[in-house]
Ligand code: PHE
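Only one chain is shown below, in structure tokens, and it's the form predicted on its own.
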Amino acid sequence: MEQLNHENHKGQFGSRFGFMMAAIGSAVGLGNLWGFPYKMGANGGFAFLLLYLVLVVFVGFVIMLTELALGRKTGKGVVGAYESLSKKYAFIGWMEAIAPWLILSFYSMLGGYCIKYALSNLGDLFGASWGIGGMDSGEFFGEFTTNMVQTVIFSLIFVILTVIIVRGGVSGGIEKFSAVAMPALFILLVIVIIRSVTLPGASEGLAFMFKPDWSAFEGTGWIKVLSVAGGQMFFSLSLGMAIMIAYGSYLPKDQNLENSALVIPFADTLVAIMAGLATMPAVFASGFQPGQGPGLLFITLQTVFNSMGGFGPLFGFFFYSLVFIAAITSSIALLEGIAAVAMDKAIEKGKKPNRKKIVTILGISIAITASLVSLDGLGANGFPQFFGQSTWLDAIDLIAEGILMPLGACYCAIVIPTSWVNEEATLNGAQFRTKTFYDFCIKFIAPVMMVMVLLGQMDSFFGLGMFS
């Protein structure tokens, strides 16, 4: 009865398609659109892709299935789910709940950047005064990031849009939006890919991504590549950050859990590769080298669009619109993961949770932290930095992606009983076809890989040089 109450009070997905679009939307985000293509090219090209796919199969799939099973069996968000195992495991849930809250603080800023750039390209399309107007893309980006009022306003717009969707509930808000947004993202990606790969000189970008470079694996280099691929997979699939447990708790008992855990990583990886095809050929065709992070997304690619002539603003608008869709489908999942925890706590006190009030309060807290990160302007505004990082974004990312998420997923692999997963995977007479494979990976491979990813993330952030 307790699980039924949770489902009735918090909401439930209305269809398998809606759940899949919401779950894929949570996985497909900004990391796919600039992080994956760059990391793939800089760490062995196709060789990196092979290693990434191995990690998705042996680690991503099993952690995904475990978190979905834990959520559906308990009917609770991440904290309540771990408390259902034992009160002593509550700290794991809180780690995984804090991570998405931290991520939203910089994700909202970058989502605001996407809105600004989509509108600016639209302005150029109509010759409006609020367009880029032929300004150098580096200069335009610099002026925007140092304009504290503008960056805060656009960040707040992104937070407000996220809150509005999540306030609408699981079926009426998250599912309804994702069911439209994800197919739209796919269509926009195809449009941009067609243009990107047909540019003169695009073949260099394709070679950057897909030509195997085995020298990256020389000596202990393979450990560094493994940690980079693992960190990317881990962040991209929304593992260890409350989302999949919350979404699992909204999943009806008649849905096949194993199939979902297979399809979501496949779709996420497909979009990541498509994102590479949309960006890298265009970057190289314009004579640029790929740069990591916002520089690639907002400076280099905008320069590409500026060089396309009359069609540039149109493709720029398409591109930044799809980046916005990828960002907001992830942000609504991040917010829902935290909101589920708060709603569980209300239910435990015998109260009916007020979703709209809870989401609004959380949204206000995120608006405050997002504003602070925006004011830093990616380190351009002279704010004091911490944890040895050059921007507030990197410092917060260090805590969330570098520490909390890998630890959370590692604990997940160790403490959640495989019998729980087996029970959920075989409901309604379903066959658990990968049971032997799952049992082996969750016991022997996933924990080891998660520790290596954690070490790799720490090495990357702190520049320890352990694997160089």
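Numbers follow the displayed sequence, beginning with 1. Bear in mind the structure is a predicted one, so any value in this text is a computation, not a measurement.
Below: the form predicted in complex with the named molecule, not depicted.
Visitor: Within 4.5 Å, heavy atoms only, which of M405, V421, V59, C412 is in contact with the named molecule in the predicted complex?
Guide: Exactly one residue meets the criterion: M405.
Visitor: Exactly one residue in M280, L334, V159, L185 has a non-hydrogen atom within 4.5 Å of the named molecule in the predicted complex; which is it?
Guide: Exactly one residue meets the criterion: L334.
Visitor: Would you check whether the named molecule, in the predicted complex, lies within 4.5 angstroms of a non-hydrogen atom from each of M109, G363 and T369?
Guide: No, none of the three is in contact.
Visitor: Based on heavy atom distances of at most 4.5 Å to the named molecule in the predicted complex, which listed stretch, 29-37, 413-421, 65-73, 434-442, is the contact stretch?
Guide: In the other structure, the partner sits against 29-37.
Visitor: Check Y117 for me: does it contact the named molecule in the predicted complex (non-hydrogen atoms, 4.5 angstroms)?
Guide: Y117: no contact with the named molecule in the predicted complex.
Visitor: Residue-level contact is defined here as any heavy atom of the residue lying within 4.5 Å of the named molecule in the predicted complex; does A340 satisfy this criterion?
Guide: No, no contact at 4.5 Å.
Visitor: Indicate whether the named molecule has at least one heavy atom within 4.5 Å of a heavy atom of S249 in the predicted complex.
Guide: Heavy-atom contact with the named molecule at 4.5 Å: absent for S249.
Visitor: Evaluate F235 for contact with the named molecule in the predicted complex, applying a 4.5 angstroms cut-off between non-hydrogen atoms, and reply yes or no.
Guide: It does: once the named molecule is placed as it appears in the predicted complex, F235 has a heavy atom within 4.5 Å of it.
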